[in-house]
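A single chain, nothing else alongside it, follows as structure tokens in the form predicted on its own.
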């Protein structure tokens, strides 16, 4: 028996209006085209796609910032098209965007994290308990009295995530949360996301075009032209190197290297994702008689 579903989408479609030079509606542009999406509580789902694939449009549907013009989407049991349930939907699915500066509004870290619960009417004594818990979850408790302006990009994004956690959503949707960060900041944020999922069992939906960020997801969806064109776990998806390249997407470096070695005739297994797995597979080949081929590399 499966876990309870937090998100259920069926046949989702959405179209943007394209305007002419005089500001008159000229055409409709398809952004989502018959998307089905099922997410169970506690899952880590990654959604991949190049720019214009529809992944960010889908993210905005999960928080009712956009509503479908076809199909249905239920978040925590609430129909996102029902105006009377917008608040419940947004409490259920917290959003973290690309630029943390757009989400941080207070001059002190702890006050910023407490802003959301305060707007929700949470009693003051409970707010500060939530603030402490959220900041500790993301490793930013020591910076609670700091000005956000003095933080690094990765630290700011972790504060933005803490602000969402403090509102106790059933899931967190992160739309390209590392796009504006340096490598150190990206590492910080992805580690935080993984810990929230693995240790706190928070449902995570990560929108990204960075392959390495998706390796630990329970399931990866690949989007193109508003459709889900590939779905599976990381080993399944990243074994399809040529299809991903056709979609203008890469694969993690170890997976690409393993694929290239297979093209040269080495009998490596599908689904290699890390350098450790690649080293083990090569060592196994060496032991099993392909020593010469491995040595030639």
Partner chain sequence: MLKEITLGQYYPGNSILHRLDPRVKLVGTLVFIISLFAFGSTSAYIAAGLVLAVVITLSAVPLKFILRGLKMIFFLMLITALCNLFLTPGDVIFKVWKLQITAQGVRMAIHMAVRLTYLILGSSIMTLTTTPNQLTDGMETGLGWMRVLHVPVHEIAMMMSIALRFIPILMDEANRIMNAQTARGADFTSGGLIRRARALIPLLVPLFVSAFRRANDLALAMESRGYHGGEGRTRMNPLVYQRRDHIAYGIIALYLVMIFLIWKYVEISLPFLP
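Quantities reported herein were computed from a predicted structural model and do not represent experimental measurements. Positions refer to the first chain, counted from 1.
Not pictured, yet referred to below: the form predicted in complex with its partner chain.
- Per the 4.5 Å heavy atom criterion, its partner chain in the model of the complex is contacted by stretch 144 to 152, the sole one of 74 to 82, 186 to 194, 211 to 219, 144 to 152.
- At the 4.5 Å threshold, heavy atoms of residue 181 stay clear of its partner chain in the model of the complex, well away from it.
- Under a 4.5 angstroms non-hydrogen atom cutoff, its partner chain in the model of the complex has residue 63 among its neighbouring residues.
- When contacts are judged by a 4.5 Å heavy atom cut-off, residue 168 does not count as touching its partner chain in the model of the complex.
- Shown alone here, residue 103 lies within 4.5 Å of its partner chain in the model of the complex, counting heavy atoms only.
- Checking 138, 223, 131, 202 for any heavy atom within 4.5 Å of its partner chain in the model of the complex turns up a single hit: 131.
- Here the marked residues 47, 51 and 67 all miss its partner chain in the model of the complex; none has a heavy atom within 4.5 angstroms.
- The partner is not shown here, but in the model of the complex the stretch 71 to 109 reaches within 4.5 angstroms of its partner chain through a heavy atom at 87, 90, 95, 97, 99, 101, 102, 103, 104, 105, 106, 107, 108.
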